[in-house]
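Alright, two takes on the same chain below, each alone as structure tokens: structure 1 and structure 2.
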Structure 1
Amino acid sequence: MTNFDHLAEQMDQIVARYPKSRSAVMPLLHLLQSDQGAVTMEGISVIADRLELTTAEVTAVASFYTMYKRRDVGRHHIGVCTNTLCAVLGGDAVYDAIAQRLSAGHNESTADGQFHLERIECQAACTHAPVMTVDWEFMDNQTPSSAVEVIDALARGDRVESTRGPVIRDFAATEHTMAFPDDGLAGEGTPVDAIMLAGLTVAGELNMTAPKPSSSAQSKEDHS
């Protein structure tokens, strides 16, 4: 039986966050996944004990959400969006290139445990298509070759920076961020990129601004 004492304090902190303890089940699953590389039966059992739930109740939750993995993900989770927009803009080719490079298919891990490949659904980054993620950090605007380069760099242990986020850590670290979101990395990288500023840039070029409030609006507000 694995010992989970090292997580006890963090589990307590997560449970304390919520008005009702059962709400902690999702962050606890993230925490245990960070620790174990997957949602294991032992992890489920620890959570069930902590929240006074049955293991079936925790299993029911764990198996509902795509991000909780039943098998060990390994060091890096690689996601490629193959939903319509990313797919037609090149996501299918990016996926194929990575699959070929890794000799792994959807929801499969490489033999060396370095990578786990998944076709992912829309990442809320359609403006940055085709989108890839490494340990869920954005790797926007990929081409097949750029994606493979990312994989190769990761395989070499090189420093790889998210296109809109921090330097890539590993899957376990991101899962820990899910459980403890204020991870100290919010200032890393350049998360606001030219695409997010596209409208602001055009507006600047065209001297377009939103109208400022008139004094009458201000005074009306003061009365309310």
Structure 2
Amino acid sequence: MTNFDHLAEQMDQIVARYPKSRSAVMPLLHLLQSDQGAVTMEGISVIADRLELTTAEVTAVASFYTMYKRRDVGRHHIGVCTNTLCAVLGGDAVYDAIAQRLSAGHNESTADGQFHLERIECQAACTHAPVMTVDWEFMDNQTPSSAVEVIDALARGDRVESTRGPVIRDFAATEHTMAFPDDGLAGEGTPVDAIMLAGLTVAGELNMTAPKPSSSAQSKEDHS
């Protein structure tokens, strides 16, 4: 049986953030996943006991959100968006190239446990399609060859920088950040680039402004 005593202090810190302890269930799941590589039944039981919830209530959260994994992810999680815009611009080809390189399919890990591959429905990064993520960090404007180069570099242990965030660490480290977001890395990389600001830039060049709210809308806002 797994002992989670080494996480007790961190769990207390997370729970202390919230007026109602049950609100801590999601960051606690990320903390446990950072330690175990997946959300295990033992971990679910520990969280349920700590928050005075049933295991069914914790399992409902863990099974609803796809970022919580029930099998060990290993060192790096690779997510490839194959939703509409990414697919049109080559997301399926990117996925196929990585799947061939890793000899792994959707929600499967490589034999050596270094990589876990997942098709992602949307990563909210359509401006930079096709997109993949490595341990939830963005790798934008990918091609089949560039995506495989990222995998090769990670396999060699090379330093890999995400395109809009910090240097790639590993799945466990990113999951720990999900539990403790204030990790000092928010300023790393270029979180906002010219592509994301294109609409605002054009609006400024054309002296465009948002229309003023109608009198009825303004009245509602004043009384909200």
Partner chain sequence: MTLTPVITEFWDRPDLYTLAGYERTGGYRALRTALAMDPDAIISQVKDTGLRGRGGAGFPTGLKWSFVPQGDDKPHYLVVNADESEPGACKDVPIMIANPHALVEGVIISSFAIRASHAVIYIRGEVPEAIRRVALAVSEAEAAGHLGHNIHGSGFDLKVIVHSGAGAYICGEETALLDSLEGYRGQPRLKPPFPAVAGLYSAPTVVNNVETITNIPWIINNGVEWFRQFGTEKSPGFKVFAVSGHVRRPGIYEAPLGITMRELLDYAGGMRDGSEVKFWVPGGSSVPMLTADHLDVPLTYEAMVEAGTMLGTGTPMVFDQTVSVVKAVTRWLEFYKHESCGKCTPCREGTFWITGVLKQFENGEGNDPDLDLLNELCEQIMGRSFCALGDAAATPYPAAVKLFRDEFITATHTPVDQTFDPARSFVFSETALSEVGAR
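Under this definition, the rigid core comprises the largest set of C-alpha atoms superposing within 1.5 Å between the forms. Each residue is numbered by where it sits in the sequence of structure 1, with counting from 1. Source: prediction; values computed, not measured.
**Asked** Between the first and the second structure, which is the form predicted on its own?
**Response** Form predicted on its own: structure 2.
**Prompt:** Taking the rigid core as the reference frame, is the Cα of Ala194 displaced by 2 Å or more between the two structures?
**Reply:** Comparing the forms between the two structures, which are aligned on their rigid core, Ala194 does shift its C-alpha by 2 Å or more.
**C-alpha of Glu9 moved at least 2 Å between the two structures on rigid core** = Superposed on the core, Glu9 moves its C-alpha less than 2 Å between the two structures.
**Request:** Keeping the rigid core fixed, work out how far the Cα of Gly204 travels between the two structures, to one decimal in Å.
**Result:** C-alpha shift for Gly204: 8.0 Å.
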